[in-house]
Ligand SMILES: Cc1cc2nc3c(=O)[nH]c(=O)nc-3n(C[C@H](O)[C@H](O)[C@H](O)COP(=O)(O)OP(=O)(O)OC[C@H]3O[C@@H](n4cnc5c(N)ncnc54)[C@H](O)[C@@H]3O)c2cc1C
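Just one chain is shown here, as structure tokens, and it is the form predicted on its own.
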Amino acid sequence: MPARDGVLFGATHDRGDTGSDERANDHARNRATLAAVLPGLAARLDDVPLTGQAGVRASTPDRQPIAGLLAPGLYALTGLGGRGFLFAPLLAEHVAALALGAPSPVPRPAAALVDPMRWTPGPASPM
């Protein structure tokens, strides 16, 4: 993606890695991914030094987000991992609908996949 000071690309995610340091090998992986998708752009960036940011992504054991009722009056939307841009808008509408007692835009079978109580024994939280 074009950015003010160059090009923004790449991201790495290694499950279980809690380090937040910028790493040369992650830059190399991102360059390789860029080369596979956009070889012309990757070639133009071969000699350009890279800078980056690193952090820890919130994810769940089953890699599905958490979106729903945790306790009476307490709702959560978390655990999106690397798919926040994709899932956050729809799941935010889902959580808002639950909080307001309105129909959710997420079908019940899909809502069950992101229900916070999916790991607890017994019935799932109301949808």
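The structure presented is a predicted model; accordingly, all values stated were derived computationally and were not measured. What we label the rigid core is the largest C-alpha set whose atoms superpose within 1.5 Å from one form to the other. All residue numbers are counted from 1 along the displayed sequence.
Although not depicted, the form predicted together with this ligand is the subject of the following passage.
Undergrad: Since only the chain is shown here, I'm wondering whether Pro49 would be in contact with this ligand in the model of the complex (any heavy atom pair within 4.5 Å).
TA: Contact check for Pro49: no, nothing within 4.5 Å of this ligand in the model of the complex.
Undergrad: Look up in the model of the complex whether Arg63 has a non-hydrogen atom within 4.5 angstroms of this ligand, and give yes or no.
TA: The answer is no: Arg63 has no heavy atom within 4.5 Å of this ligand.
Undergrad: Would you check, heavy atoms only and a 4.5 Å threshold, whether Arg44 touches this ligand in the model of the complex?
TA: No - in the model of the complex, heavy atoms of Arg44 and this ligand never come within 4.5 Å of each other.
Undergrad: How about Ala11 - does it come within 4.5 Å of this ligand in the model of the complex, if we only consider non-hydrogen atoms?
TA: Yes, Ala11 is a contact residue.
Undergrad: From the candidate stretches 66-74, 81-89, 33-41, 94-102, select the single one in contact with this ligand in the model of the complex, where contact means a heavy atom within 4.5 Å.
TA: Of the options given, it is 81-89.
Undergrad: May I ask you to list the residues of 55-70 that have any heavy atom within 4.5 angstroms of this ligand in the model of the complex, in sequence order?
TA: Heavy-atom contacts within 4.5 Å come from Gly55, Val56, Arg57.
Undergrad: Return yes or no for Thr78: a CA shift of at least 2 Å between the shown form and the other one, with the rigid core superposed?
TA: No, the C-alpha position differs by under 2 Å between the shown form and the other one.
Undergrad: By the 2 angstroms cut-off, has the C-alpha of Pro107 moved between the shown form and the other one once the rigid core is superposed?
TA: No, the C-alpha moves less than 2 Å.
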